[in-house]
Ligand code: NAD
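The chain that follows stands alone, in the form predicted alone, written as C-alpha cells.
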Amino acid sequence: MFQDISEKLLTHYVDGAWQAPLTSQMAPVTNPTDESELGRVVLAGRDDVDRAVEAARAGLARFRHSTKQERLELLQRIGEVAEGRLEDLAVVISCEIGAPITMAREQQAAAGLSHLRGFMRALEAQPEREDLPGGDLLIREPVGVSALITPWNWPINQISLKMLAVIATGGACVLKPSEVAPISATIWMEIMDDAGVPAGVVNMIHGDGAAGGELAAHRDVDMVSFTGSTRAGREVMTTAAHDLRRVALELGGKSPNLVFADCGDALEARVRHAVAECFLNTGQSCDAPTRLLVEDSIHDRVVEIAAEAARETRVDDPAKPGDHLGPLVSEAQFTRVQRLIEAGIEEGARPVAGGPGRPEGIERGWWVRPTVFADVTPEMALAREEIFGPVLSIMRFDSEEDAIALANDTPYGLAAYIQTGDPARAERLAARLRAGAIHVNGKSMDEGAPFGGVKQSGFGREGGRAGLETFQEIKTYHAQWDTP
C-alpha cells in the first residue's frame, strides 16, 4: 500500500487522473513517533494550481446540472468504497500524525462516513426549489468552484466536511491538504476515483502554504473554505477580499469547560472526562476544552482529580491498540508546546501533573508529558494562547456571572463545555456563552449537526444542512404573465 501511495505523492489528482507535477519542489513526510521519513511529497506551483482550477471549472460546467438523485447515488457509492478503505486510512493517519491506531480507526478515519450520512440526510430533506410566501420562487445552486484548504490534525474529518458538501450541492473543487498529512488525503482521492466521481469535480494538489495562497487568490475560484490557524485565516480572508470572493473559516479555539458544584456524585466522572477530552488527539484539536473553570467550593477536589487523571494517562506507540496518547505531529509543535509549558511555570502557574520535556525513557519523536496547571490566571499565556498539546489549565470562579465572564474572556469562540446537574443552569449559560457549540455533561455532536465558531474562531458552518448551504447560492425567481 505505502509503495503505491508514495508514488502518487509525487503527482496531483487533476481531471480524474494522477498527473505529473509541473514543478519539481518536494518536502519530506515524517513519522512523528521516531522522526523517520515516510516518503516525499511534491509541492505545487502556480502552473499546477492553474491546471487544477481549469479542470474544476470544466467539471463544474457538467456536474452543476446533475440531479439530486444522481448526487445521492454518487454519495452512496462513495460511502461503499470508503467503508472498504477505513483500515487503510486508519493505519496511514496513525503513521503520519501519530494518532493511536484505535483512535485513528474509531474517530479519525470513521469521521468521513459519519459526515457522509449527515449530508445525505440533509440533501434528501432540502428542497432545491422553494415557494416563498408571496408567490416568488427560491432556487438553490452550487456556489461554483471551491478551494478547500485543510489541516493535518483531523485530516479526513476536515476533507470530508468540505468535499462531500461540494459534491452534494453539485459544485466542483480543488483540495490542498496539509503537506504534513498528505498520505491520508491521497487515499481519500483514490476513494473518490474508485467511486466514479466525474472528472474535474474533485481535484487535489499537494503543496505547502504558498500553494494554498496561490489557490485562494486564483481568479477562477468562487469560494475558499479554510481550516487552520487564526493567523493563516486572516491571510486567506485578506487575499479573497481583493475579488470579493466568498470565504468560510474554521480557525483556532481556547474552549472553556465550566464545572459546577451541583454535579454532585458525578463530579469525578465529569472531571476525568474533561481531562480526556482536552488530551484527545494529544491535545491537537481546535475545539479542545483546555480551560477548566471550576467553582470555588470544589476547586481543590477538582485539581486532585484532574492531576490524578493526567498522571494515569499513558503515552505509547501509536501502532498499539488502546486509549493512550501518541506524539505531537512535528518538531514545530513540540517546540511550541514546550515553550508554553515553560512560560506557564515562569508566570507562576502551578504544575500538578506533567511538565516540560519528554516522558521518561523516550528520546526520539515529538512526545510530551500530559500536563495540568492549577492557579492559572486570566492574563497568563496558558489562559490566552491556543497551545495545541495535552495541557490543561485550571482556573477558579465564585459565581455564575464570574464563570460566564471568564469563559467569554477570549478572542476565540469555537466551543464551550458545561458540567452541571441543573438543566435550567445549562440553558442559561448556553444563551450567554459566546461559542458555536455548547456541550453539556460530555455530550458530543450528533451526525449532521453544524460545526463552526464565532469571533476569531471563524464563520460559516460545516456538516448537515448548514454545511450544504455554505456551498450554495440562492437565486430568487419572480414572474408574472399577462392573461388574455
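Residue numbers run from 1 along the displayed sequence. Computed from a predicted structure; not experimentally measured.
As for the form predicted together with ligand NAD, it is not shown, yet the points below apply to it.
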Within 4.5 Å of ligand NAD in the predicted bound form by heavy atoms, the stretch out of 129-137, 233-241, 165-173, 400-408 is 233-241
Notebook entry, point to check: Though only this chain appears here, would Gly118 touch ligand NAD in the predicted bound form if you measure heavy atom gaps against 4.5 Å?
Noted result: no
Any chance Phe226 has a heavy atom within 4.5 Å of ligand NAD in the predicted bound form? yes
Original post:
Any of the heavy atoms of Pro390 lying within 4.5 Å of ligand NAD in the predicted bound form?
Top reply: no
* **in the predicted bound form, Asp208 touching ligand NAD (heavy atom, 4.5 Å)** => yes
In the predicted bound form, the residue from Asn203, Thr290, Ser178, Ser146 with a non-hydrogen atom within 4.5 Å of ligand NAD is Ser178
Students should find that, of Val259, Leu414, Ala109, Val368, the residue having a non-hydrogen atom no more than 4.5 angstroms from ligand NAD in the predicted bound form is Leu414
Restricting to 148-167, the residues within 4.5 Å of ligand NAD in the predicted bound form through any heavy atom are Ile149, Thr150, Pro151, Trp152, Asn153, Gln158
